[in-house]
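In the form predicted alone, a lone chain appears below as structure tokens.
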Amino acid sequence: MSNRKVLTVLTALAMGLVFLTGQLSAQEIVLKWPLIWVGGDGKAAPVKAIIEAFNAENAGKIKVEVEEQPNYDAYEQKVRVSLAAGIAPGDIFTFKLNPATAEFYKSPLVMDLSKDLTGAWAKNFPAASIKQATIGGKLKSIPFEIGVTPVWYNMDLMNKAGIKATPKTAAEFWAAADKLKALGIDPIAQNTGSTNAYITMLWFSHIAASRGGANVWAKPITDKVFVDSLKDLKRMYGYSNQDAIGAAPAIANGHFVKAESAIYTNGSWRLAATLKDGPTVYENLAWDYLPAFGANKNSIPMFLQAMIAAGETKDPARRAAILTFLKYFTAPDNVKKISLASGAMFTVPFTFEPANPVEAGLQKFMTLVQKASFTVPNLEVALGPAAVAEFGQRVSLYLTGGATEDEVLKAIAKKLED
């Protein structure tokens, strides 16, 4: 074959490769997101709308596909098992940051975003939250949703019991519980079921902070502070809904929304749901700190509730697509849409409009945070899923007289050692 013919063939091949490469680069990049904010979750509708808007704006280039994960406990297990098996849970995924999930930062399957979160995007996040999310110099998750869990009071029920203001001391708290119980109302909503006995765990966290102070979780779990906190919790159980043992959080939520319980604790993500399902209850809500059961006043549990992470990729185009979506999703205007629809609180700041009932509630939550003597994470965030799962398994037995404080706390301590 002559040199001219060889050159012609090579040129044709090169042009074909250029065309093929162009075709491939023009293909839509599909990002998989196993998503917990679906179904009945308060964030489901706005998150869906934001994803749909992003897909429309990036049609033919980037598409986010949701894999619905409606079960919280199963989702956390999926993320943990996937990473342990050497498989990224998705191109995008979320998790709670605690001692166990901090291990995810060691996985090469999780993208390090420390060099990407810069400029205008970085300004969307408080420096303190970025610092908390940075482990070993790596930022392998973006601090997104925060949890603030004050004590909720149905002041209509409180007023019927002759209580005109939220209790400021432990004595006032127990007196209020007695008055409510005398009216045939189960004063305090609790649940001891599901993996983490969530609402009962929150009550325990409140009491422990009051007794142990800002650094309470640095103490050994067998410390007298936690022994006394369990005793307070047991006393509180005497004023709880009768179906608290083994109940899921939805049971306690339901009792409060239906005005069957007067005192409750949960996060701001319950604001929109309470307004929707119990508008009369919502109109009469007050939020406050748990009165001091110990020496420490005006504390409140606050923690990073959801971190957004990404699956590592060696494909520059896929990485760029992931970053494009993350910047879009965490833009203040989009975060505000999620917050207003759900009542959830986020690290990304935006301007409140107090005329909106949910925003008014959010503003009160923020005021409690700003005026708090200190904030602490809850038991689950501070000690990790193994510890809170053990708490969840033992607390029902303890509250019904089947275990001692020492037995419960030593069992949790053993889990922490394993």
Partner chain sequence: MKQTTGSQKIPGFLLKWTVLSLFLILTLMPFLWLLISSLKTTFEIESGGFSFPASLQFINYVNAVSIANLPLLFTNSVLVAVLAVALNVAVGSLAAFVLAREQFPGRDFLYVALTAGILIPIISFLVPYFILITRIGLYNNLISLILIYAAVNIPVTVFLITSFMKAIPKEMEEAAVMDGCTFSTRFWRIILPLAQSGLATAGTFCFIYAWNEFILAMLFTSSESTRTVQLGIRFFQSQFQTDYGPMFAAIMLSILPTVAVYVFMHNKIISGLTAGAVKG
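Whichever C-alpha set is largest while still superposing within 1.5 Å between the two forms counts as the rigid core. Numbering follows the first chain given and starts at 1. Remember, it's a predicted structure, so these values are computed and weren't measured experimentally.
Heads up, the form predicted in complex with its partner chain isn't pictured, but that's what we're talking about next.
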Any chance 38, 96 and 273 all have a heavy atom within 4.5 Å of its partner chain in the predicted bound form?
-> yes
Answer among 100-108, 69-77, 287-295, 172-180 for heavy atoms within 4.5 Å of its partner chain in the predicted bound form: the stretch 69-77
Could you check which residue among 327, 224, 168, 258 gets a heavy atom within 4.5 Å of its partner chain in the predicted bound form?
-> 258
Partner-free chain; cross-checking its partner chain in the predicted bound form, the single residue of 134, 124, 82, 334 with a heavy atom within 4.5 Å is 82
Taking 4.5 angstroms as the cut-off for heavy atoms, does residue 323 touch its partner chain in the predicted bound form?
-> no
Exercise: residue 87 in contact with its partner chain in the predicted bound form, heavy atom 4.5 Å = yes
With heavy atoms only and a cut-off of 4.5 Å, decide whether residue 305 touches its partner chain in the predicted bound form.
-> yes
Can residue 317 be called a contact residue for its partner chain in the predicted bound form at 4.5 Å between heavy atoms?
-> no
Partner contacts in the predicted bound form for 384-418 (non-hydrogen atom within 4.5 angstroms of its partner chain) | none
Threshold 2 Å Cα movement between this form and the one not shown for residue 211, core superposed = no
Does the C-alpha of residue 345 move 2 Å or more between this form and the one not shown once the rigid core is lined up?
-> no
After a core superposition, would you say residue 362 shifts its C-alpha by at least 2 Å between this form and the one not shown?
-> no
